[in-house]
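Presented below, as structure tokens, is a lone chain in the form predicted alone.
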């Protein structure tokens, strides 16, 4: 497939990288030639300097043959116009990154969305990141939570602390009956595809797969009890903080208190006008230790750090964890800070750019692929596949699939059943299969589950 990505910033770079690694032909366009230098040096993509709204530039990029255009510049208006021009020149699936919520509801016919303008998908990084955080809050203390197969199955990751019952034990010693250890990421970033003899060590981030439910077996192993969520504090009143406050108070359960801390007084006035009365807006410096004590913020059930400044998020998160806050989730712009955040005791991190790239990649038509989830800043993936009739995997037991190194079958969903795969489990047409894998093996895995 040929794809054009407009904008060589962090999001455009990430999308172009992931598309190229999946074997697609990618042309990366940016008005600033300097912005393309890193991509030309590190990515297997073509680069083209010029405005992404220019018909001649898009023609040079091959838009007439492209099946996908992703407009990911920092300007909403440039992204929208790039999509409009692309639709006039060809028939690609057009995806526009926007920040202003008003654009997400703009349509000449009066209906939501921008489809009437020739834009097929609008992605708002803040909205996607907020939804990711809400999923994490459904399983407090987890680092990552993803649901699959219509929320019948899930993946959840936990950081293994030294006192956890699973620490220092081999997987075969854990007595797992309803859960699969699909993957492990070591503190140094090594991705481990485990077997029964794999030793779980303190500091490991372990990825469990199971049927959706209370996860009692997982909590027993990681030493984390389930606590009801009654009090949530959001630090930062920018676009992400505003989106989170909206989501938390939309159809909120009785007894949930939401507080939002913002240091800019004028922004607090805007937030108070745009948010329901259920949200308490506090004007203060989030990094002021006296304020944290006076408002008892550290005693909240969960704190979300969304100040827009990675350093401030890490500082406030450290202060909260030292004061006993059970769950801290932080937004980060730079994924290289994630290991530091974990060492500081912050359980979960969300990088809006990576979340957005994962969402865009799911829009690419890949036949039997239901979803693709990026993990550990793209070092690992969860691939949700449907087994097609006539596929090489259909009718074979798991032990005889011939899977390449670098992939583990986590779960098999068959109608209403969530199955733990064993060597003798036979794959059937129509099964949904969850795979934990390294990105480089994905092109070799998908054909096994496709029909002729």
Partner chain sequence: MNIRLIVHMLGTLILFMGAAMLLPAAWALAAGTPDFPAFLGAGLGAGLTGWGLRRWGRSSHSGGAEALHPREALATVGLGWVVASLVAAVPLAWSGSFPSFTDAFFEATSGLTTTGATVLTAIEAHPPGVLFWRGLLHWLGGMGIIVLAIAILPRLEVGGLQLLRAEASGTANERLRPRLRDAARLVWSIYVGLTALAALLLWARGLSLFDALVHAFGTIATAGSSSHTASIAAFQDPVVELIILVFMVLAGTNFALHDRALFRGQGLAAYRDPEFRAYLGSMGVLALLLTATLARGGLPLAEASRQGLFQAVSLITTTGYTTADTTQWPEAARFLLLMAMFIGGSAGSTSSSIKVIRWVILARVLRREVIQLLHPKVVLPIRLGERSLSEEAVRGATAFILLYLLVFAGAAAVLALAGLHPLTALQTAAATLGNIGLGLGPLGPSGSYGGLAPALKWFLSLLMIAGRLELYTLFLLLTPSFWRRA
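Nothing here was measured: the structure is a model prediction, and the numbers come from that model. Numbering follows the first chain given and starts at 1.
Heads up, the form predicted together with its partner chain isn't pictured, but that's what we're talking about next.
At the 4.5 Å heavy atom threshold, is residue 145 in contact with its partner chain in the predicted complex? Residue 145 lies outside the contact set for its partner chain.
So, in the predicted complex, is residue 198 in contact with its partner chain at a 4.5 angstroms heavy atom limit? So residue 198 does not count as contacting its partner chain.
In the predicted complex, is there a heavy atom of its partner chain that lies within 4.5 Å of any heavy atom of residue 294, even though the partner is absent here? Yes.
Does at least one non-hydrogen atom of residue 273 fall within 4.5 angstroms of its partner chain in the predicted complex? Result yes; residue 273 sits at the interface with its partner chain in the predicted complex.
Partner-proximal stretch of 337-345, 159-167, 264-272, 231-239 relative to its partner chain in the predicted complex, 4.5 angstroms, heavy atom: Among the candidates, contact is made by 264-272.
Partner-contacting position among 102, 151, 277, 177 - heavy atom within 4.5 Å of its partner chain in the predicted complex: Residue within 4.5 Å of the partner: 277.
Of 81, 247, 257, 284, which residue is found within 4.5 angstroms of its partner chain in the predicted complex when only non-hydrogen atoms are counted? The residue from 81, 247, 257, 284 that makes the contact is 284.
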